[in-house]
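Next up is one chain by itself, shown in C-alpha cells, the form predicted alone.
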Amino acid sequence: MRPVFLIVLALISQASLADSPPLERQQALLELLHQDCGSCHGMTLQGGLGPALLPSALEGKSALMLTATILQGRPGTAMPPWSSLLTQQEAEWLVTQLKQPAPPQDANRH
C-alpha cells in the first residue's frame, strides 16, 4: 500500500474512534437499545409495536434519516423523541450499530 493511503486510513480510523461515545456510555446505549427500544421494537429487535431494527430491515434507509427519527421521534406514532436523553453523536453511534451485519450485542450477554 502507498504510505499516503496508510496515513489517510489511520486518520479516518482515529476520527471514527473520536466520534464514538466512551466505552462505558456505549454499554449504557446498548442496554437502552435492548431494553427501552426493545420494548416496542421487540426484545430481539425483530419488530413488535414498532418495526424491526435489524440490518436487513434498515437497508436502504439513510443514517441521517434514522438518526433524525431517533432524536425527533415520529409524530402521530408511538415513537418518542430521544433528544432529551441522547446526543447527536450517541444517536449516530446507535445507527451505526444497528446497520452492522450482526445485531449489536451487549457485552454481558453470552
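Quantities reported herein were computed from a predicted structural model and do not represent experimental measurements. Start at 1 and count along the sequence shown; that's the residue number.
Beyond what is shown, the protein has a form predicted in complex with ligand HEC; the following relates to that form.
Enquirer: My question is simply whether Gln27 lines the interface with ligand HEC in the model of the complex - judged by any non-hydrogen atom within 4.5 Å.
Expert: No, no contact at 4.5 Å.
Enquirer: Contact with ligand HEC in the model of the complex for Asp36, defined as at least one heavy atom pair within 4.5 Å: yes or no?
Expert: Residue-level check for Asp36: yes, a contact with ligand HEC.
Enquirer: Going by a heavy atom distance of 4.5 Å, is Gly47 a contact of ligand HEC in the model of the complex?
Expert: Judged by the heavy-atom cut-off of 4.5 Å, Gly47 is well away from ligand HEC in the model of the complex.
Enquirer: Ser83 near ligand HEC in the model of the complex, any heavy atom under 4.5 Å?
Expert: It does not: once ligand HEC is placed as it appears in the model of the complex, Ser83 has no heavy atom within 4.5 Å of it.
Enquirer: Under the 4.5 Å heavy atom criterion, name the residues of 29 to 66 that approach ligand HEC in the model of the complex, in sequence order.
Expert: Heavy-atom contacts within 4.5 Å come from Leu32, Leu33, Asp36, Cys37, Ser39, Cys40, His41, Leu49, Gly50, Pro51, Leu53, Leu58, Lys61, Met65, Leu66.
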